[in-house]
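Next comes just one chain, in structure tokens: the form predicted alone.
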């Protein structure tokens, strides 16, 4: 059976790093390239962090630089969760000879989609700046892709504000472009990703495995624990692994077709993904499959196996 061609667009912080590990581990997937965005951390950190993950797990995925700032609004990073360096302030070494790609993120993504027409799965785990630029520069790109699996949004409440999820909030204008693009979208928002949590016992198990990826995963995640525990969290949500896991194990997820629009003009609601899932009034269109439920036990089992064996 042929593998599924995949492109990842990441703002490589802690959970992006784990998502890359998962994509590398899953035999069903062929990860062809990774583009980096600003979000969890600045572009410079996200770019080199991705090279660091390459070295950690012994891979050589090509890495392409993307945008250094959102389309319009100022950048809001997630240093309080991901650390100043994006990896929980864990110091990972770079590859001895990292390959620096000359192409931009959007040009490289377009070339890959042309090489794999209607087959390439785009996994977006960052603010959607790079994807919006690519879709604007290459209007045919949304139709060239098989689908866009994105981590972001929520049919309910937010996390960076009461209304908005972080990735959507950081670049709402970019998110608006993507949701209006006509691409086939699978939205993995907080409704489902908050179910994808590693417990403290899980991360202890990863560390105890003695594997470099397991030791790193616990170390980088622990940076966020003072913030998470303050708000009553009991574990570490692996938001960005959800759209990756779906490609190999779609049966772990349940979702609903819905209309989704992104609020770009509000003040207290900026970045909110407005859906008609819980509304009597329905939009006259359906542009996304919004994931709502997850088989957490199987998800975490597969994810831990991946981290300890990547």
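A quick note: this is a predicted structure, and the numbers were derived from the prediction, not measured. Numbering follows the first chain given and starts at 1.
What follows is about the form predicted in complex with a small molecule, which we do not show.
Participant: Can we say 36, 67 and 171 each have a non-hydrogen atom within 4.5 Å of the small molecule in the model of the complex?
Facilitator: No, none of 36, 67 and 171 comes within 4.5 Å of the small molecule in the model of the complex.
Participant: So which of 190, 112, 141, 90 gets a non-hydrogen atom within 4.5 Å of the small molecule in the model of the complex?
Facilitator: Contact with the small molecule in the model of the complex is made by 190 alone.
Participant: Select, from the options 160 to 168, 208 to 216, 130 to 138, 173 to 181, the stretch whose residues sit within 4.5 angstroms of the small molecule in the model of the complex by heavy atom distance.
Facilitator: That would be stretch 160 to 168.
Participant: Heavy atoms within 4.5 Å of the small molecule in the model of the complex: does residue 239 have any?
Facilitator: Yes, residue 239 sits close enough to the small molecule in the model of the complex that at least one of its heavy atoms falls within 4.5 Å.
Participant: Spell out, yes or no, whether the shortest heavy atom distance between residue 125 and the small molecule in the model of the complex is within 4.5 Å.
Facilitator: Within the cut-off, so yes.
Participant: Looking in the model of the complex, any heavy atom of residue 82 within 4.5 Å of the small molecule?
Facilitator: Close contact exists here: in the model of the complex, residue 82 approaches the small molecule to within 4.5 Å, heavy atoms only.
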